[in-house]
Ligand SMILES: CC(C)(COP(=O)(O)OP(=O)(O)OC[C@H]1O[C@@H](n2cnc3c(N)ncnc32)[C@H](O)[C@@H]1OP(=O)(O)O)[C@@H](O)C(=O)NCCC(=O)NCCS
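Given next, in C-alpha cells, is a single chain: the form predicted on its own.
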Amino acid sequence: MTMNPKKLYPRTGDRETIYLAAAITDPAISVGDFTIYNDFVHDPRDFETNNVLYHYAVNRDRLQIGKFCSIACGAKFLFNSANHSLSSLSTYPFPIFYEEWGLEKRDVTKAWDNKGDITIGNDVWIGYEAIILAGVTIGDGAVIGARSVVTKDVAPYTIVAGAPARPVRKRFSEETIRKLLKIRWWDWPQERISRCLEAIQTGQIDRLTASPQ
C-alpha cells in the first residue's frame, strides 16, 4: 500500500486535519509526503492564505517543509516582506510607496531586509500558534513549543520554546541522533516504514538500523 498523493484527509470524518501537500498550489511552497496540518479555527485547506504570510513573488523566497511533519493550528510562517530595513536611517518603507516619493518600482524590495527562505526538516513538530521567521532552518526531528517565536536556526532533534525560542533540551542522546540522521527512516518506502512502526514508536533505534530493505 502506498500513499495517494492527491489524498487530502487522512482520517474518515475529520475535516480539521489534512495532508498539507494536497492543499498547496503555490510553486514556491513545497511539502513532503505525510506532513499534516490541523486547524480547528479555519479551514485547513486555506493554509497558504492564513499561515504563510508576507510571502510575495517579488522576493522569490521559498517555504520548504519535509516529510512526516506535524503542524498545529495557527502556526505561522512570516516571510521577508514582514521585515523593515534596519540599514536605513528610517524603518518607514518608502520604496513600497514609490509613486508617492518618486522612486523606482523595481526597487520595492529595498523596503525590507531579505533574510532568505524558511526550511523545515523532516519529522518536525510545530506547536500551536508558533511563529517561524524568514531565514530560519529547522532541523530534522526538532520540536517547536506552542506560541514560540523562532528567530534562529534549530538543530536536529532539539526542543525549543519561548519568545524568542531557545533550546530546552535534546530529544535523544547524541549517538541516537547521529543514527537517526544517518538512516533517514522518513525516506524509506511506506511498506518498510510500516514494518518498522513498532520499533519507531517504542524508541528501538537498533532495530531500525538493522532493518532489512
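Computed from a prediction, not measured in an experiment: that's the story for all the values here. All residue numbers are counted from 1 along the displayed sequence.
This protein has a second form, the form predicted together with the ligand, left out of what is shown; the following refers to that one.
*Asks:* Can you pick the stretch from 54-62, 155-163, 41-49, 181-189 whose heavy atoms fall within 4.5 Å of the ligand in the predicted bound form?
*Replies:* Answer to the contact question: 155-163.
*Asks:* In the predicted bound form, does each of Trp125, Tyr128 and Val143 have a heavy atom within 4.5 Å of the ligand?
*Replies:* Judged in the predicted bound form, Trp125, Tyr128 and Val143 all sit within 4.5 Å of the ligand.
*Asks:* Using heavy atoms and a 4.5 Å limit, would one call Ala72 a contact residue for the ligand in the predicted bound form?
*Replies:* Residue-level check for Ala72: yes, a contact with the ligand.
*Asks:* Pull the contact list for 167-192: residues with a heavy atom within 4.5 Å of the ligand in the predicted bound form, in sequence order.
*Replies:* Going through 167-192 in order - heavy atoms within 4.5 Å of the ligand in the predicted bound form - the hits are Val168, Arg169.
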